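Shown below, as structure tokens, is a lone chain in the form predicted on its own; questions about how it binds or moves come after it.
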């Protein structure tokens, strides 16, 4: 792309931020639209996989992310009776690999502060209509914006605009959601592991160390509690004593970490969607991130996929002189990676979030032994790390990036933070 494009980005989450940063860096005029009066992250924390870390490395943000995040070397899940269900270690796939637990606010800040060249954000501007043919936007006050050479719809899994760009094959909510919060790490005994505990598939708790925030030195962990979507309604709240008793019965150590959390007000609520599109683009408009391929968080790939979407789109615009051809190339490249994760997420989610008790029992007895078989173990680790490409291919990581990971020696475990702590550990 030899000419400067005018580009609108609708939504300022990870996909929107990464796209704005990368495309501005290539000299395009980017204008971001965000409905919130004050742009901010939504959610508590997530696990950056090697694929997402590679994008941050390319952007020069890897060291900053490592300074705030928590290195994760193992994913371990067990039943309430301490029976192992899964045990996956990054080094079994490649000695240099690890995941990075990171607060959403930390990644938001890193990407936001990095966008300095050509920065233009319209906050408090809700876009309600997209005209893909003309590249125009209409906001909630009836004002029109554009025309733009390219409109990127990055308004998340609950996108209200995706159908105006390209009809979905299906777009449906998952019947289960979650409650999230950040808690102080303190003396948490597993500072380098993503830990999960299950009671059949009806109850699932997770604890992921996510490090610090640029404006908060307290090391924290992200707590996850699986609930039916209907239980997220205010009318379904069981009351604080009953809620704490259920969490504590499944996982006493996690219950102790939640002692300072105000419930329910300190719990963020998350609902999930499964959205599949045959096409992600039409005319001058394209879907990106969760707006293009919403899926359950069971495989933890949402943020990583969003970062990759933005990078591959930037590269496609560098390669092709025509926007529509660039979008077609971008979609083909990303679908080869995304599609298998959408399917695996759809198939695996009922094993961890459902009322299918028999399926959960089979999971408890077979999942761990199967993933220890050498061939299946490698395949499972490729799915975990985001490096599965299609059913049998491998998503290659740059050798220079792997060398950069090897050069970043893991620091000694930090001592428990003893400074002032904000009450509640709000998400």
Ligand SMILES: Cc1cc2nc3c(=O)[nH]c(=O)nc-3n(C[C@H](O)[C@H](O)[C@H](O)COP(=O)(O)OP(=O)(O)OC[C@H]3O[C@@H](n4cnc5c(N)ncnc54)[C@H](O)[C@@H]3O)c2cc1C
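All of these numbers come straight from a predicted model, not from anything done at the bench. Numbering follows the first chain given and starts at 1.
As for the form predicted together with the named molecule, it is not shown, yet the points below apply to it.
With the partner left out here, the named molecule still marks one of 88 to 96, 268 to 276, 245 to 253, 319 to 327 in the predicted bound form; by a 4.5 Å heavy atom cut-off that stretch is 268 to 276. Proximity of residue 105 to the named molecule in the predicted bound form: non-hydrogen atoms within 4.5 Å are absent; the residue sits far from the partner. For the chain shown alone, residue 341 is not a contact residue for the named molecule in the predicted bound form, no non-hydrogen atom being within 4.5 angstroms. Contact annotation: residue 154 falls within 4.5 Å of the named molecule in the predicted bound form, judged by heavy atom distances. Residue contact check for residue 336: none of its heavy atoms lie within 4.5 Å of the named molecule in the predicted bound form. By the 4.5 Å heavy atom rule, the three marked residues 11, 16 and 33 all count as contacting the named molecule in the predicted bound form. Contact annotation: of the candidates 166, 110, 227, 125, the single residue with a non-hydrogen atom within 4.5 angstroms of the named molecule in the predicted bound form is 125. Residue in contact with the named molecule in the predicted bound form (any heavy atom within 4.5 Å), chosen from 283, 191, 186, 300: 300. Residues of 34 to 53 placing a heavy atom within 4.5 Å of the named molecule in the predicted bound form, in sequence order: 34, 35, 42, 44, 45, 46, 47.
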